[in-house]
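The chain below stands alone, shown as structure tokens; this is the form predicted on its own.
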Amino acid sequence: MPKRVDHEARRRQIASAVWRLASTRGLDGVGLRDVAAEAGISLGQLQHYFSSKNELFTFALKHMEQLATNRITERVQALSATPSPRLVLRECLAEMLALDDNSRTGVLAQIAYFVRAIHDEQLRGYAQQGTPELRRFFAGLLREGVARGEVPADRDPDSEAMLLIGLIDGLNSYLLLGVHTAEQALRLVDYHLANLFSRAPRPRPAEEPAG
């Protein structure tokens, strides 16, 4: 009886091979044959799932983003029952930093995608979709911080959310270059959040006695 293949697992296996190659040599010099060899499968098997490099690279990018979302969700769910907006933001930002070997590989792969997307209209169109969604999520947390009295009301949540994304991009550059250590990068994140969430939360109104 022929062995049954988990096709979705095989596609994820191929996507992981793309990330590893992208993190070490970029994407421009990577062909389907290279990816097949890295994934430990034949070129024919790879072409059964992906007929072109762009189709493959787009799927790998989507899968990378989904895994990142899953990791952030797991970190947030591991917090207290009702974490503050500041704590949720801190966990999200920490997950986006290249703090260990796994996250470093992911960030290097993202940079490879960024370089290719500048000149690849199809890939750029997809890559652009993730930032507005992340910005809206961060802005929502900041609006909650304003409502709780933790963030000054004159701060614009949408602008501040974009600055947070830019902060992580900049810190990752310096982490990869060895200018900052992981501890220094996290201290800078905490420093920025302390300035952003510069007010004590408003006390919750006392509950009225029943009856």
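Please read all numbers here as calculations on a predicted model, not as lab measurements. Residue numbers here begin at 1 and follow the sequence given.
Beyond what is shown, the protein has a form predicted in complex with another copy of the chain; the following relates to that form.
Contact with another copy of the chain in the predicted bound form, judged as any non-hydrogen atom within 4.5 angstroms, is confined among 30-38, 64-72, 43-51, 176-184 to 176-184. Only one of Asn102, Gln77, Gln128, Gln122 comes within 4.5 Å of another copy of the chain in the predicted bound form through a heavy atom, and that residue is Gln128.
This chain is displayed alone, yet in the predicted bound form one of Leu141, Leu87, Ala94, Leu108 has a heavy atom within 4.5 Å of another copy of the chain; that residue is Leu108.
Taking the partner from elsewhere, Gly170 is found to have a heavy atom lying within 4.5 Å of another copy of the chain in the predicted bound form. Although the partner is absent here, Arg155 is a contact residue: one of its heavy atoms lies within 4.5 angstroms of another copy of the chain in the predicted bound form.
With a 4.5 Å cutoff on heavy atoms, Ser23 counts as touching another copy of the chain in the predicted bound form. Another copy of the chain in the predicted bound form is approached by Met162, whose closest heavy atom lies within 4.5 angstroms of it.
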